[in-house]
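Here you get one chain, nothing else, as structure tokens; it is the form predicted on its own.
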């Protein structure tokens, strides 16, 4: 699959809903590509993620020519997912930030240059997964405001930057306001960067799938943690 997909191939892309806008933009009107999106909330229960993805793999087994996962290793959430009768393509990323920045290496470079970064993307903001929204939606109902705010500040005490990644699929103005509000509340610096997500998501949907960026699981094989090492 390193050279991409043939014009007649049917592809199933199974991805986290957090990247739906970017994948649909890359897909365009290509009728060969079927897209399936999985609830982002499964990241809180990664032990359930593989089973949900496997259900969709089973639904398309023998119907498509290739399955592509829009997931990184994600806290081992995809470990154990098995390919069916067709190959499975998996990005060689530990989490999805590499998708939005353009490649696994781009993420590593950015991480090493600024290790205390909390990244926000259009999908994360739309799903109210910025820190302040998490406080309001998840922590306050469980703990009360004072404890909720203290707990989130403790979780993020080693972070230094709120980084908004412009993926080119949404209006930056409202996202910028949310990003800056988070940075001010948590005493972080605010930064915007231009992601190269269009290039990565185009490769995810259409190929090619170079070995340095993607893992090819043969028919009948399964995803293991060891595949992401090195």
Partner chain sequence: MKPSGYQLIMSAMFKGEKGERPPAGNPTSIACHDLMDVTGVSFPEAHLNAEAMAELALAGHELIGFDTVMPEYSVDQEVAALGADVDWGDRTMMPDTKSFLYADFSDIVIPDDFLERPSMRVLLDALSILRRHVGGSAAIIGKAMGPWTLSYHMAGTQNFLLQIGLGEIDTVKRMVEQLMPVTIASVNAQFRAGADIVVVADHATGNLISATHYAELLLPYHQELTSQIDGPTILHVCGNCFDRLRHFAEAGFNAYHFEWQVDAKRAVETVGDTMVLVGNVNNAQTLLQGTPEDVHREARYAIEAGVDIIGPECAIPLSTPLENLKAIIAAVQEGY
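Bear in mind the structure is a predicted one, so any value in this text is a computation, not a measurement. Positions refer to the first chain, counted from 1.
The form predicted together with its partner chain exists for this protein as well; it is not shown, and the discussion that follows is about that form.
Within 4.5 Å of its partner chain in the predicted complex, a heavy atom is found for none of 109, 113 and 180.
Residue contact check for residue 75: one or more of its heavy atoms lie within 4.5 Å of its partner chain in the predicted complex. Contact check for residue 168: every heavy atom lies farther than 4.5 Å from its partner chain in the predicted complex.
Residue 47 belongs to the set of residues with a heavy atom inside 4.5 Å of its partner chain in the predicted complex. Its partner chain in the predicted complex comes within 4.5 Å of no heavy atom belonging to residue 128. The stretch among 152 to 160, 117 to 125, 93 to 101, 79 to 87 whose residues place heavy atoms within 4.5 Å of its partner chain in the predicted complex is 152 to 160.
Taking a 4.5 Å heavy atom cutoff to its partner chain in the predicted complex, the contacting residues in 132 to 150 are 139, 142, 143, 146, 147, 150.
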